[in-house]
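As structure tokens, one chain now follows by itself in the form predicted alone.
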């Protein structure tokens, strides 16, 4: 509690928590201390409690105060150690050793997340001027009066639908081929993994050149000079159905040609990581299963369908969960390849929209509301995915 209270005060100083949070923490610390005293009072505990409370009350930014607090914790441990069981001592030292990492997690992730939630209830907070409490106004505007939010959310859903299952399918095919007895297996594994370890910013810049309408490599290969892949806002479903006289609009027109081009780049970038993970899962499947299937006359396709795919389900479930979360957070390649979000906002994703609201428009309250909504959507979809898919996962071989 003492270390946690010090972190709370640091978060208050960094304006990650409201000022009253430190007072609440101090009351909780005092309550825990009094409860410990009444539960097992010892005179030897008094010096440690006194040093601890004086150090915490003095402040974390004062070096003597920090030393007093540490001396208080040491005195409390020295006085209480004779009564502690071996399990209690192990628990104590476990918390002592884990607190540095847990403190970093609290200061840089948990507290900022709570702070973002608080900002979402304010009106146009920008760290400069005054802002007033607005309640659920940002959420009301976001969900009912902001067409760009729904446009960005629709684009993001298309990205999830296209890249997650297609990426896992391509990676599974490549991993199965690499799992066969082929020469230079290590070379091919490295070759497929290289795109993943390449900086995403640099990779997006290279693909931006590949898609260039005049000098791009893709137009040179296809013989389509002048075709601007990243500035074509027509949906692929609308283009496919137009010759049949069917005209699709809005979300049902599908992702634009520009957005599909970004999806292709994203699939290329993540393919190596997915291949390595699936290849590790394939190598954990006992070879005896395939030998028994061959003796029973099973074809190669039947072996993959009835052995490989069921026993690979934990790996695919892992990749689908991470892929869903990562796809909702796609940002870098979209910003590099289409900085404005496309011609008709056809490549605007929800994270790019959040970035624009926060750092372009300096409306961190609205951006925080977007972040909270995206977090909720990701959480709900992840839970649904876990409830639906995990029942089909076979963890035993």
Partner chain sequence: MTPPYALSRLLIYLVLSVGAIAMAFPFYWMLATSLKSPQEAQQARPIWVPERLKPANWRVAARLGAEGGSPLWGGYQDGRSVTLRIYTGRMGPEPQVFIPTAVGAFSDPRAEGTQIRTRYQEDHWEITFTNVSGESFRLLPAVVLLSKSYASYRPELPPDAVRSSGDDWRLEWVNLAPGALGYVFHNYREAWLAAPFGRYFFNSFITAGTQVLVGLLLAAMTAFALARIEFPGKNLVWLMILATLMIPGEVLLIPSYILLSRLEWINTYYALVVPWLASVFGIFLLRQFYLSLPRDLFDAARMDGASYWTQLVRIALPLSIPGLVTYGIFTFLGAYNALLWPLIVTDRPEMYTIQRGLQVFIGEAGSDYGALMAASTLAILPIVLGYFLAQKQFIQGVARSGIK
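Not measured: the values here are computed from a predicted model. Positions refer to the first chain, counted from 1.
Absent from the display: the form predicted in complex with its partner chain. The rest refers to it.
The three marked residues, 139, 148 and 290, fail to reach its partner chain in the predicted complex, with no heavy atom of any inside 4.5 Å. With the partner left out here, its partner chain still marks one of 108-116, 246-254, 157-165, 231-239 in the predicted complex; by a 4.5 Å heavy atom cut-off that stretch is 108-116.
Within 4.5 Å of any heavy atom of its partner chain in the predicted complex lies no heavy atom of residue 323. Heavy atoms of residue 351 reach within 4.5 Å of its partner chain in the predicted complex, making it an interface residue. Heavy atoms of residue 358 reach within 4.5 Å of its partner chain in the predicted complex, making it an interface residue.
In the predicted complex, its partner chain sits within 4.5 Å of a heavy atom belonging to residue 329. A heavy atom within 4.5 Å of its partner chain in the predicted complex is found for one listed residue only; from 295, 177, 143, 222, this is 177. Taking its partner chain as positioned in the predicted complex, the residues of 358-373 that bring a heavy atom within 4.5 Å of it are, in sequence order, 358, 359, 364, 367, 368, 371.
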